[in-house]
Every structure is written in structure tokens, then in C-alpha cells.
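Listed next as C-alpha cells is one chain, alone, in the form predicted alone.
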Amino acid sequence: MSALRPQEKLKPWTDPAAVPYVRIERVTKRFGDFVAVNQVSLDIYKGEAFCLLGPSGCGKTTLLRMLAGFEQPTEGRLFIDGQDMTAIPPYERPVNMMFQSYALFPHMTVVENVGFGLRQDGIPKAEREARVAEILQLVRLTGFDQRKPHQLSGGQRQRVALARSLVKRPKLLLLDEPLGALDKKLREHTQFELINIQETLGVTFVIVTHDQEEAMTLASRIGVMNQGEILQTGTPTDIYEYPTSKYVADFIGSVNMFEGRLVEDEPAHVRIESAELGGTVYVDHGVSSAPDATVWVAVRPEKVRIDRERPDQLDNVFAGTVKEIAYLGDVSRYLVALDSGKLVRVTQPNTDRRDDRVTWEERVWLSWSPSANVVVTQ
């Protein structure tokens, strides 16, 4: 989970008087008969790092390209800082875009790559050199200024591309899978560098990624996309802890999903009967659904406890047999088959060194708190 970001503390999206910095109004993009983006409306606020998250082909890059001006909406309008940008060409927009491939000029040095856009804009040499030196210091590339891209590591090339995008001081920076070319360890390190740079400069970021962990780390808010639509928008905590659909719950992280029927519906709690669980689930909040309606209960694996003895609680306790175990160092992951045959994923932290952990084919009890349940109806 990501740390609380300054934008999240302020939460301008909760203030009805706040003016969006980027406004997307009912935007649709068609390629022939194919609808890539379907009636998307979205507000993004100044200083945010907003992530569009979704699988390949969901429309997130098309939406980014429309903000950049590389594609024109079939319907709808786009505003940046209060100005209608729908028909404005890319070179006249206060926007820069950082591509997944970085697109550095191989024959140019770091300084030449970073300063290329300033030179094209006719910025005087002294000012250009000062701005390039300033941004190279910010991205920690001072001393690398005369190297060419093939003499740099993947992480350094990524920072050159970022510096080139930021040196022109855009109002909006669009990042298309910015860390996709880096290996896992370098990607994790670079995520925090990117956060620090964004917060230092205060530039509004719109980031496209398919990587859930990357979105959770970088974003003040996330928009989850699928089939050209934004299904849910919220902070990383909102998206993970309170998904509004089966798709979002399943796409973000790992989740156990149990189909059931609403059998007790009270304002402060509900009970859901589930054949997959072989019993009822108690949920400590109300649900907006009709009695006897089919619903799904989502429970995250890390919220499930696993014990050899039946725990001392009345509700949300089910028996099963351990089928698979994966030891990952910091955590162990269990796959437990309930008596109904339903498989349940359990993640337990390895907080101490023990030789008496639950093992394969053991009979165990699974349990979780009533507050761990999230009920979705679609």
C-alpha cells in the first residue's frame, strides 16, 4: 500500500468548490466500428498524480493520446486549466508526454537530449543551460551530461526521458507505462524517485499503467478502466478496500469471491447465505440490495486467518483442507479447499521463525472479521 500523499491529505476531489485542472467531458473515441473509449467523464486536480489503470486494450492509452492531442475525440470535449483543448494541435498544448520507449536520440548526449525541446523553442543558450543543469540535478544525473543513451543504465535513460519531459515546465505531464522497461527491483526504487520529483515540482501527472502495484504507489487517485469505460475512481485505499464491482475487486490485488443470497437485511448488518462457503457470512454494515438478491462477498487473502483449532467466534468460520503452500519469505500463501470444493486463498505474514506451521493436507479453520467483507452486486 502507498503512503499518504500530500494531494490525498488535501483531497480536492471531495471539495465541491474545487475547480478541476483537467476535465474530460463525455469523451468517446471510435476507430471504425470499434469503440476504444466510451463516454468517459473525469476530473483531475492540479498537482495530482492520477493513474489510469487497466489491462491492455482497455482504452487508457487512447485516452492519454487524446489529452496529448495525438488523437481527436469522436465525441466530447477536453479541458486543461479551463481552456478547451479538444481541437488544439499537440504542439500548442501545455502538455508533454513521456513515452514507454523513452524515445531518446541515440546520437545526442544527455544534455543535448534534455535541452532539445528548449532549443527548438528558441530559448537562449544561457537560460537553456541553466534549466537543463537544474533538472539534471533534480533527477540525480549531474555528471552524466556528456554520456549518450547507450552508455546509460535503464534507470538512467528513464530519468533522462523524464528530465526532457519536465524541462519545458509543462502544466500537464502524460506518462505512458513510464517504468515498464525497468526490472522489478529498479522499478520499485524508481517509483519513489518519481513521487519525490512530482511533489517537488508540483506538475500534474496523468499516468497510464497496467501494473497495480505501480498505480497504488504512484497515484493520489486511480481510475480503473475496462472496455473503454472507467469503472471506479478513488484513492488507492478506496479502490483496494471498497471496490464497487466484481471486476475492480478481482483486478486490484488478489481476492476471494463468494457468490451468495441475501437472507437477512438490516440497516446495520446483513447475512448472506453462500453454498460455496457452506454457510452464512455476517457483514457488519448494510447493503443496497433487495432481499433474496444474488450478491458476491469479496474477502482479501491477508484478512483471512488460518488455525488448526476452531476460533472462538460465531460467524465467518469455515473448515477446509490445505492443498497448496507457497513460502515467499516475508509471507506464506495457502490454497485451502473448503468442503464445498471452493478454493480460498490465504496470505499470512511470517513474523517469526517457526517449524510448526500448517502444512499440506491438514484440516484447518478459516475465519475473518465481519468488517473484512465487501459486498458487491455487479
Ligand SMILES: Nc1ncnc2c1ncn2[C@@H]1O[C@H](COP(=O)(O)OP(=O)(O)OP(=O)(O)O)[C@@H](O)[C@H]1O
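What you see is a predicted model; the values in this text were computed from it and never measured. The first residue of the shown sequence is 1; numbering continues from there. For clarity, a rigid core is taken as the largest C-alpha set superposing within 1.5 Å between two forms.
We do not show the form predicted together with the ligand, though everything after this point is about it.
Colleague: Just one of 339-347, 52-60, 323-331, 38-46 has heavy atoms within 4.5 Å of the ligand in the model of the complex; which?
Modeller: Careful reading of the contacts points to 52-60.
Colleague: Please tell me whether the candidate spot formed by F70, S165 and R221 is one where all three residues come within 4.5 Å of the ligand in the model of the complex (heavy atoms).
Modeller: Checking in the model of the complex: none of F70, S165 and R221 is within 4.5 Å of the ligand.
Colleague: Using a 4.5 Å cut on heavy atoms, which of Q100, Q212, T280, N96 is close to the ligand in the model of the complex?
Modeller: Flagged contact: Q100.
Colleague: Scan 19-53 and note down the residues that get a heavy atom within 4.5 Å of the ligand in the model of the complex; none is a fine answer too.
Modeller: Those in contact are F31, F34, A36.
Colleague: Taking 2 Å as the cut-off, check whether the CA of S101 shifts that much or more between the shown form and the other one after a rigid core fit.
Modeller: Indeed, S101 is displaced by 2 Å or more.
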